[in-house]
Ligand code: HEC
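In the form predicted alone, a lone chain appears below as structure tokens.
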């Protein structure tokens, strides 16, 4: 199975330190990363991560045993899948573009519309969605309870048999170990001035400039403020986004601002996967900055880039790519 060399005492993920037994998991984080806050009732341990990892790669989590979590969240694509929207059971298509799971442990509200309040509950959404995995969590729990290996892992992790709670909590524990912390940009911040080529350094200056105002939405260590914004993608949105949760018309077309980490390998872009390249994304912001659409975020400013500036900005975005997961794929 992917990544971890053993489920017992050691996890080989290059960014983790885990002790034997039931000790809590400790994440190795760069100095510019904040600590991750774990829920009091589901602090991750090696045993919980082992159960979550086994579940993550198991197609038996779907009604017809054709779809695993990793079907839509491929490690080599920063835990996305390259589709506009992902196919689920029986070839049914989802409704939104698949987000990366890297650094998802830092989210307070989960999903593109913020409709899930805790990561520990998020797995219930794709599992029960008729277009994704299409099975009730109770039916899934009954199915997995017939598997002695899962019963053993669940007992080791939570001291109880496999259940809806242990399934969703263990998956969250595994996802919390999926981190992007070792990009050329991170190495540059750590003091390696050669980690960024000159073009990327110029792109960084552009990215942080008042002219482009990228940091207004893509700020912080994870290149997102985790806010919900209408980025002017459409004049009229078929998918109302955050408004589906808040029932507030002012939230029409607002979606969570995604992290830009690994953005060069997570195409296509936007909540509906409608933009296929980063060049198209830059074109979009250049256009709507100059010709705003109804309901569009005021944070988007008008700008115009020269060919050199565009190349520099793209060079910087390439410097946000973390390849540790791709290297682990069998």
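Numbering follows the first chain given and starts at 1. Keep in mind that this is a model prediction, so the values were computed, not measured.
Missing here is the form predicted in complex with this ligand; even so, the following discussion is about that form.
Taking 54, 265, 278, 27 one by one, only a single residue has any non-hydrogen atom within 4.5 Å of this ligand in the predicted complex, and it is 278. Comment: this ligand is not present in this chain, but in the predicted complex one of 154, 177, 86, 180 has a heavy atom within 4.5 Å of it, namely 86. Proximity of 122, 218 and 260 to this ligand in the predicted complex is complete: all three residues have a non-hydrogen atom within 4.5 angstroms. Among heavy atoms of residue 33, none comes within 4.5 Å of this ligand in the predicted complex.
With a 4.5 Å cutoff on heavy atoms, residue 256 counts as touching this ligand in the predicted complex.
With a 4.5 Å cutoff on heavy atoms, residue 99 counts as touching this ligand in the predicted complex. In the predicted complex, none of the heavy atoms of residue 147 sits within 4.5 Å of a heavy atom of this ligand.
Residues of 132-155 placing a heavy atom within 4.5 Å of this ligand in the predicted complex, in sequence order: 132, 133.
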